[in-house]
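Just one chain is shown here, as structure tokens, and it is the form predicted on its own.
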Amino acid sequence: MGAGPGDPELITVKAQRLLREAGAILYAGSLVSEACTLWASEGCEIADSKGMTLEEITAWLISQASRHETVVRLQTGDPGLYGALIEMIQPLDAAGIESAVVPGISSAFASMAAATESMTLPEVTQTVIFTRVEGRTPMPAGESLCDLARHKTTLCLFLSITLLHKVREALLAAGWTENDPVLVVQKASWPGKEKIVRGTIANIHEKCRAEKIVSQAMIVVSPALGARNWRVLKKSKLYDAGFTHRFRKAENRL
């Protein structure tokens, strides 16, 4: 189940209900704010998985499922994005344990909301790419940051804050410039812990180092960054008085 980006109030209503009903909760303490477990009922068995291996996690879930009707694995953001969802589901399937996935809000969306930025803008960019820089986990062929960055669209980079030097190299090689804007948000929506840093491809590494940001941060590179302060903005046709759609007819203009 997705815990959302960190703010306990950004967890879904369905997730809140399941946490209240759960007899046991295993949360990813290295990524999920413990505050997200505040919805748990009294007597619920709560454990932190940050020191566990995959085998220990699945063994815990299987064991608890034999004792409780509802057991929750509480993951960060959305469980389908940069999580071990399938790796955890397969052992449950093999054990004959019924499971379901409850979506959450990704830190990418929370980061843009925190900074009052839009991922897409008419005639600027209509595409968003969620990716990461290659580190210990290799990237599949054709998915290097340099390859993806050539599209010049919005890039949301997960798991890459310690690799900003690689981010810079890849973006420049893809045709971006040193002056193009970059947004970094650490612990988006976490009460009292959120940090927002704005810079350029040239200086974002130095700015993040000054703020001691070395983990749990979203990096966004986009031609739409800073649009709130643009003097000229292409506007959506959806709300244009001269545009017809099934709920409204265009106004006649002389």
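So that there is no doubt, residue numbering starts at 1 and follows the sequence shown. Small disclaimer: the values here were computed from a predicted structure and weren't measured.
The same protein has a further form, the form predicted together with ligand SAH, not shown here; the description that follows concerns it.
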Just to confirm the contact call: exactly one of 164 to 172, 144 to 152, 178 to 186, 115 to 123 touches ligand SAH in the model of the complex at a 4.5 Å heavy atom cutoff, so which is it?
178 to 186
Check whether Val221 has any heavy atom within 4.5 Å of a heavy atom of ligand SAH in the model of the complex, and answer yes or no.
no
Looking at the partner-bound form in the model of the complex, is Gln216 within 4.5 Å of ligand SAH by any heavy atom?
yes
I'd like to check something about Leu159: if you look in the model of the complex, is any of its heavy atoms closer than or equal to 4.5 Å to a heavy atom of ligand SAH?
yes
Check Leu92 for me: does it contact ligand SAH in the model of the complex (non-hydrogen atoms, 4.5 angstroms)?
no
In the model of the complex, the residue from Leu81, Ile97, Met88, Val102 with a non-hydrogen atom within 4.5 Å of ligand SAH is Leu81
Can you name the residues of 123 to 138 that have a non-hydrogen atom within 4.5 angstroms of ligand SAH in the model of the complex?
none
